[in-house]
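In the block that follows, a single chain appears as structure tokens, in the form predicted alone.
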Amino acid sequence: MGLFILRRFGVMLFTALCLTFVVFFLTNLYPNLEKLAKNQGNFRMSDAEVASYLGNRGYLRSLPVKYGEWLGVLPGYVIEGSDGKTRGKCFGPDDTKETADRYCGLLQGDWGFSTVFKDDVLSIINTRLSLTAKLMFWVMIVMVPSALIVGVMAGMREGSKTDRSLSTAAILTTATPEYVSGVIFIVIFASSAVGLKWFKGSATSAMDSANFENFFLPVLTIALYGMGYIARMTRASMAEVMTAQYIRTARLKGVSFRNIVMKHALRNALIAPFTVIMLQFPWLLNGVVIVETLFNYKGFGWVLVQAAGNNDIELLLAVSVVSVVVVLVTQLISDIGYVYLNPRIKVT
């Protein structure tokens, strides 16, 4: 198992480097840099002025060198600008060529400066990620147990009325996008137009103090959409297990139906849903963009929209790094859990 984890970790590191390099390449295309220069300078800047602005700040150097500096494996640039000023990647407000650090990249904890929020990128990421983590926690608390219960109940007696009813409900929740269900919930339960103003608080206030009134609707909107998918996978897995030969043998021996489900079928039926559940973490991290925007909850997804819409390159790169790490780590946990749940798989 230890060798397996080491191999997977090596693959994860290589994958992370490849994915972040692709994002770095796309965000550093010249049209994006030109837009950045005009946003920070003047929209009426000429092409020569844009080139001068970018050249003085190290944007026009070769891509591998810039990527190495951004990672922190290469020394930061020091440029004598055409305007007579000396600038460097590692220069602070009071730093000079002699006092500035040589390395100041991702590995040193310097994630850059946001041109939109005018703040340190790492501080922004920590704040917004904690808000989304709170939302993700309550979504998983609501979504996973409900989905597993629905899936197991539907799969225990395949083809019954209970199975058909629960499967239809699961399909409806998955087929309804969050921006549709979210609007419906707001109109019915939070709007005074129809007289059911049950939830008076806004999700914006939940950023400081979350309670049932201001936090339940966004949680329910996301949980319903993901619950249907997990429930359907659980139902299919449970139905397959219930037709297995060892289940038939247990029935012939007179084992009660409850014991068959709880002691024999449930563990094997949870192998496939476990992988699906682990995939919900990266989906929740980036898939909450619509819900956070709809309910004006300024978490990680909201920051992603702001960074992409305002061409905030440093913040967009940081968001991509966090997303890549979350996806790869959840995949590793999923693989380890799959090996643990399925005794037929041997890892050397």
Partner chain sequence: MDALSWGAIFGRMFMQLMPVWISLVVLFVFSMRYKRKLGLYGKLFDSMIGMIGLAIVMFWVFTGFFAGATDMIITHDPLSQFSGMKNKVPGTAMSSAGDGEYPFFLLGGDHLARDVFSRVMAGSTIVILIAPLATLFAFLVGITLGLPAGYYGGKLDLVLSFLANLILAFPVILLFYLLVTPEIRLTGMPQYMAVVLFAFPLIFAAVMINSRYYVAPQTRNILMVAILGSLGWLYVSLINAPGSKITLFDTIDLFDVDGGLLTVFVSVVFVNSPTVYRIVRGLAMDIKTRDYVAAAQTRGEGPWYIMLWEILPNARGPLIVDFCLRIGYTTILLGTLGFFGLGLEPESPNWGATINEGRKLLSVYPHPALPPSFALLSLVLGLNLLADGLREESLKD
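Whichever C-alpha set is largest while still superposing within 1.5 Å between the two forms counts as the rigid core. Numbering follows the first chain given and starts at 1. Just so it is clear, the model here is predicted, and its values are computed rather than measured.
Not on display, but discussed next: the form predicted together with its partner chain.
Proximity to its partner chain in the predicted bound form, defined as a heavy atom within 4.5 Å, holds among 107, 180, 262, 252 only for 180. With respect to its partner chain in the predicted bound form, the three residues 18, 29 and 171 uniformly fall within 4.5 angstroms at the level of their nearest heavy atom. Contact check for residue 45: every heavy atom lies farther than 4.5 Å from its partner chain in the predicted bound form. Mapping the unseen interface onto this chain, residue 187 counts among the residues with a heavy atom inside 4.5 Å of its partner chain in the predicted bound form. Its partner chain is not shown here, but in the predicted bound form it comes within 4.5 Å of a heavy atom of residue 232. In the predicted bound form, none of the heavy atoms of residue 333 sits within 4.5 Å of a heavy atom of its partner chain.
Of the stretches 123-131, 216-224, 163-171, 254-262, only 163-171 has residues with a heavy atom within 4.5 Å of its partner chain in the predicted bound form. Interface residues of 277-292, taken as those with a heavy atom within 4.5 Å of its partner chain in the predicted bound form (partner not displayed): 283, 285, 286, 289, 290, in sequence order.
Once both forms are fitted on their core, the CA shift for residue 68 between the shown form and the other one remains under 2 Å. With a cut-off of 2 Å and the rigid core superposed, residue 293 has a Cα displacement that falls short of the cut-off between the shown form and the other one.
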